[in-house]
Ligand code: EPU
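As structure tokens, one chain now follows by itself in the form predicted on its own.
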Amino acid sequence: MSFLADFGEIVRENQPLAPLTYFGVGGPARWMVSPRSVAELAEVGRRCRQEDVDVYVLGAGANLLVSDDGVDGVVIRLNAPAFRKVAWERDRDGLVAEGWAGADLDGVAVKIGAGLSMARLTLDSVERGLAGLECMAGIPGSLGGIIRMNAGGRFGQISDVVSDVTVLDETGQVRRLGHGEVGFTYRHTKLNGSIVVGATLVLRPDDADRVKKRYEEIWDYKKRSQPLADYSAGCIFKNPPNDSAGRLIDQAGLKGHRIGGASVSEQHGNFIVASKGAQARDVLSLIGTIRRTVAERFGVELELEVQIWDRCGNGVPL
């Protein structure tokens, strides 16, 4: 740990990752670092680049599968208070990035740190009678990860309300990117090696009872149709164009299919559930079986939505 020796207060070696993920499986991180400020984050990133050490950014552990061998690099957790701040304000000027066609200048700006829980933020906005985030009901994760993958579902996605995103880029510079610069597409952005440290969202004042009702309807739908109470990372695959990954998996007869401690959810075919004693290799084997079966039956190559971390350097390319 010589290159991080003077960061002893925020560094842990051989840190188990399984308890920090929704799947609850996987090996340890060689180093885990919890920066207390953007300045500390930038310095850690600089040293990792200098030493050619792979960097991984861990949010709430949703949408993530860590290999049984863990990761041979630095895992960064933005869980310090500096990255969990939230500030609500109303301002008609200077909030919305140029070129954002969906801009609502008569909204409420919310400035948020990347480590804040999306579940908490969604509930707070609902209680304030602010519309725009109720579509995120039942979607786990922290803001940084939610933005990086443009998370969402049939009711909407996070890019619908993002005004700007603050990142630490590959060169160690802090940059504020307008909505159009982020490159939002379906479950993807162009952030590449940049680390999200915060964002500004713009929400719409609405009738509080109406916002709450819509939130509860979406939440109830998710509870009925998805295994929210199980060890699962969310949707495993992206939906193919004009189709549903869950439908294809269901039609392939794979609901309930099990390999070791991992099984395809009986509620929703695009969810894999890890039971007690499961290992990451079980999940990976089941992913492979699903992809092969769907390709053979329907000629569709399913693309992963879940992120896979291993010892081969699949981290953030700083």
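Position 1 is the first residue in the sequence shown; the rest follow in order. Predicted, not measured: the structure shown is a model, and the values here were computed from it.
Form predicted in complex with the ligand: not shown, discussed below.
Problem set entry | Candidate site Arg120, Glu134 and Arg214: all three near the ligand in the model of the complex by heavy atom within 4.5 Å | Looking in the model of the complex, the three residues Arg120, Glu134 and Arg214 all stay beyond 4.5 Å of the ligand (heavy atoms).
For this session: Work out which of the listed stretches, 269-277, 49-57, 24-32, 288-296, brings a heavy atom within 4.5 angstroms of the ligand in the model of the complex.
Result: Of the options given, it is 269-277.
Problem set entry | Position in contact with the ligand when the complex is considered in the model of the complex, options Cys235, Ile112, Leu177, Leu191, heavy atoms within 4.5 Å | None of the others qualify; the residue that does is Cys235.
For this session: Would you please decide whether Asn239 lies within 4.5 angstroms of the ligand in the model of the complex, comparing each non-hydrogen atom pair?
Result: Although the ligand is absent here, Asn239 would touch it in the model of the complex, with heavy atoms inside 4.5 Å.
For this session: With heavy atoms only and a cut-off of 4.5 Å, decide whether Arg187 touches the ligand in the model of the complex.
Result: Yes.
Problem set entry | Lys222 within 4.5 Å of the ligand in the model of the complex, heavy atoms | Answer yes; at least one heavy atom of Lys222 falls within 4.5 Å of the ligand in the model of the complex.
Exercise. Using 4.5 Å between non-hydrogen atoms, is Ser244 touching the ligand in the model of the complex?
Worked result: Yes, Ser244 is a contact residue.
Problem set entry | Partner contacts for 29-63, taking the ligand in the model of the complex and a 4.5 Å heavy atom cut-off | Not one residue comes within 4.5 Å of the partner.
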